[in-house]
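Two forms, one chain: they're shown below as structure tokens, one block per form, named structure 1 and structure 2.
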Structure 1
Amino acid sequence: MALITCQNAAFAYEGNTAVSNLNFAVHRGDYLCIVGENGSGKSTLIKGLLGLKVPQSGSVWMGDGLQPNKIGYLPQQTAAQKDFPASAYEVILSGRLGTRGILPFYSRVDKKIAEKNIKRLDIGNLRGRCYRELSGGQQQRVLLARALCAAEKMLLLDEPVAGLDPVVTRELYRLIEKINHETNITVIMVSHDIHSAVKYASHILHLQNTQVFFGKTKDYVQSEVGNRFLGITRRQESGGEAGGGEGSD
């Protein structure tokens, strides 16, 4: 049974349709990358999958016991969030907030889960440090550990490597791949990095304000849209064609 199913779904951003004609399903253990040009509706879709946006039309539903408060979410950070004055441990433990209900304190189980994810991401040396004093790569590891504290079956990651240097980017991609393989947690990731997407993901969803491809990565790289998009990004990287500015999606 699928964890998330979209059927003829559309979502709006600031009153305008951002993405439409969505028909896909995500299952346990999948690693789905959502790709497309700036403004194609990628981040809007992520908010829709989290239940933060109601579909403008069509439907989105969860199955196999998945619940919104048990999805780990790593959003794009604002400047204010990067300057958050708490310890790394406090940030990680806050990933358990959605599971506490009316309980006023973190339980022994909450703390055990936080410790497990600190160990999983090898960030024990960061636990007592102030979050705002960490490097960009260290902050992303802390936020990934926080998301894992909430995730029982699924992680949603919105541009998790944005602004990171190539070495840190590769390390984070490998960590995410390891988590997906070793825990069978489903990963849904928005990415502008199409080359890494086809390297690590099992499935690709390509948006262009509408769904233009959904399927296995091996089929995407052989498709017309996949070949065209991979070719465009290669020309942009070599300086042959200018890329667009950073947008909301």
Structure 2
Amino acid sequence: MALITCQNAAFAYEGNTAVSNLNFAVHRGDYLCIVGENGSGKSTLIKGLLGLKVPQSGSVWMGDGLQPNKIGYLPQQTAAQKDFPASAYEVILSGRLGTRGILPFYSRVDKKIAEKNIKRLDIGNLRGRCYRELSGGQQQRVLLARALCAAEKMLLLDEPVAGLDPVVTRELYRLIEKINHETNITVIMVSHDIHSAVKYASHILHLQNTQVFFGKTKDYVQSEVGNRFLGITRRQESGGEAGGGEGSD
């Protein structure tokens, strides 16, 4: 049984459809990358999967024992305000809150999990710092640690590498892959880094305000849409050399 299933789902803002025709299922242990241009509806879909947005039509449902409090989420932009007085540690630990239910305080296990994720992301030196005084990339890593604290079954990441330096980016991809392999936590990630996406993900979902591709990564790189998208980005990255790598795969 699938963890999350979308059937003919569409999401809209005040009646204007942002993304439609979604038909896919995510199973335990999958690593799904959602790709597409700016404004193609990726973040909207993520919000829909989290239940923060109700589908305009169609349906989205969770199965296989998945519940909102077993999902770790990294938003593209946090609602958190710039001048909020909170230490990085307080922010990270708050990722455990969903698992607490109505219990009021964090247990020793919660604190241990927080420590483990602090170590994983190598941010022990940020622990006592004030969140608002961290750099953008440091804040991103703190929020990632928070998401990892909440991720018992699934990790939903909206552009996790935006704002990170190349070294940290590479390490982050490795870390996510490791978490996905070793603990069998399902990963759904929005990314503009299409090359890393096809390198690490098991499945690709390509959006263009509608679903244009969903399937295994190896099928994506051979599909026409995949080739076009990979080709475009490759050409742009190599400085616009005409036809650089189009269709060479």
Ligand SMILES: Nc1ncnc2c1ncn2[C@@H]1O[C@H](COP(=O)(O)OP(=O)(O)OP(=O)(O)O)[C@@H](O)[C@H]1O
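We call the rigid core whatever largest set of C-alpha positions still superposes within 1.5 Å between the two forms. Sequence positions of structure 1, starting at 1, serve as the residue numbers. Everything numeric in this text was worked out from a predicted model, so none of it was measured.
K.L.:
Quick one: identify the form predicted alone, either 1 or 2.
P.N.:
Of the two, structure 1 is the form predicted alone.
K.L.:
Please report the angle, in degrees, through which the smaller rigid segment swings against the bigger one between structure 1 and structure 2.
P.N.:
The answer is a rotation of 14 degrees for the smaller part.
K.L.:
With both forms put on the same core, how far apart in Å are the CA positions of Y131 between structure 1 and structure 2?
P.N.:
Its C-alpha moves by 3.8 Å once the cores are overlaid.
K.L.:
Upon rigid core superposition, what is the positional shift of the Cα of E14 between structure 1 and structure 2, expressed in Å to one decimal?
P.N.:
In the core superposition between structure 1 and structure 2, the C-alpha of E14 moves 4.9 Å.
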